[in-house]
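First comes one chain, alone, set out as structure tokens in the form predicted on its own.
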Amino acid sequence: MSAEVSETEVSGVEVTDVDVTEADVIDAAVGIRAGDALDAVRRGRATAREQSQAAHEALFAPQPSGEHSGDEKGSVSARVRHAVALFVLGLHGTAGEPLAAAHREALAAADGDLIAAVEAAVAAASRPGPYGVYAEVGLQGENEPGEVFRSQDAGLTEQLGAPLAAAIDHAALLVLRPREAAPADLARLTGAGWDTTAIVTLSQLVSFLTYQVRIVAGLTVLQETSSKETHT
């Protein structure tokens, strides 16, 4: 697949003149092949398909080594990006599984010892959501108080490292209880060494992965429905 994509925005990710050359991640996760009925469906939204893939590559293209990364202000290493991705997709349960394998493989190549710690974080953080308490007046009737996940409380800070632990806590906040996001949460990130640019990148990762999960889930339902109709 190759396509020139003009400046646009996909799920909060700015995509500027990206040459898409990698296999389409969503197609691979769903199992869509050229000529399939779903391939025709996606070709009907060609721009959305191209921009989604371009956004994926913009977020997961090779990054500098290191944590965040020390030598380049605002950067987020590939190690952290794939670790956060594996955590976010884990929180989505079975819906995240089709996309998780590639990030697990990439993290294994970058830092295989980290996988067990990330999976432990998923196990400790997983719970039905979203939930939380609204700060806005008039929404208190929709409040659903719930437990706050912190890597430190789960005894995972040492295994993850303080910067990644803070990044994973931020991801849990955005996935499970975004209504409770507050300035103090950003302060925890800056306290762990993340600057504003890196915090935006981490937040974009979480937003985009959630978007991908929803697209894959919807296409999978269409695929299963089509298969049942074919065999009846």
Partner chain sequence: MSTTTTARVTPPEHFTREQLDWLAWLEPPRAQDLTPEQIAGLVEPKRAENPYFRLLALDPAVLEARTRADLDIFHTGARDGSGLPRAERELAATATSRTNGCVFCASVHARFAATLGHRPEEVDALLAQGVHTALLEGSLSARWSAIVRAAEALTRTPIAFGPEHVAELREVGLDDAALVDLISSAGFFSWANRLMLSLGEPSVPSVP
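What you are looking at is a predicted structure, and each value in this text was computed from that prediction instead of being measured. Numbering follows the first chain given and starts at 1.
One more form of this protein exists, namely the form predicted together with the partner chain; it is left out here, but the text below deals with it.
The partner chain in the model of the complex is approached by residue 92, whose closest heavy atom lies within 4.5 angstroms of it. In the model of the complex, the partner chain sits beyond 4.5 Å of every heavy atom of residue 166. Residue contact with the partner chain in the model of the complex: residue 58 places a heavy atom within 4.5 Å of it. Looking at residue 192, you'd find every heavy atom of it more than 4.5 angstroms from the partner chain in the model of the complex. Contact check for 30, 101 and 149: none of the three has a heavy atom within 4.5 Å of the partner chain in the model of the complex. Residues of 178-192 lying near the partner chain in the model of the complex, listed in sequence order, are 178, 179, 181, 182, 183, 186, 187, 190, the criterion being any heavy atom within 4.5 Å.
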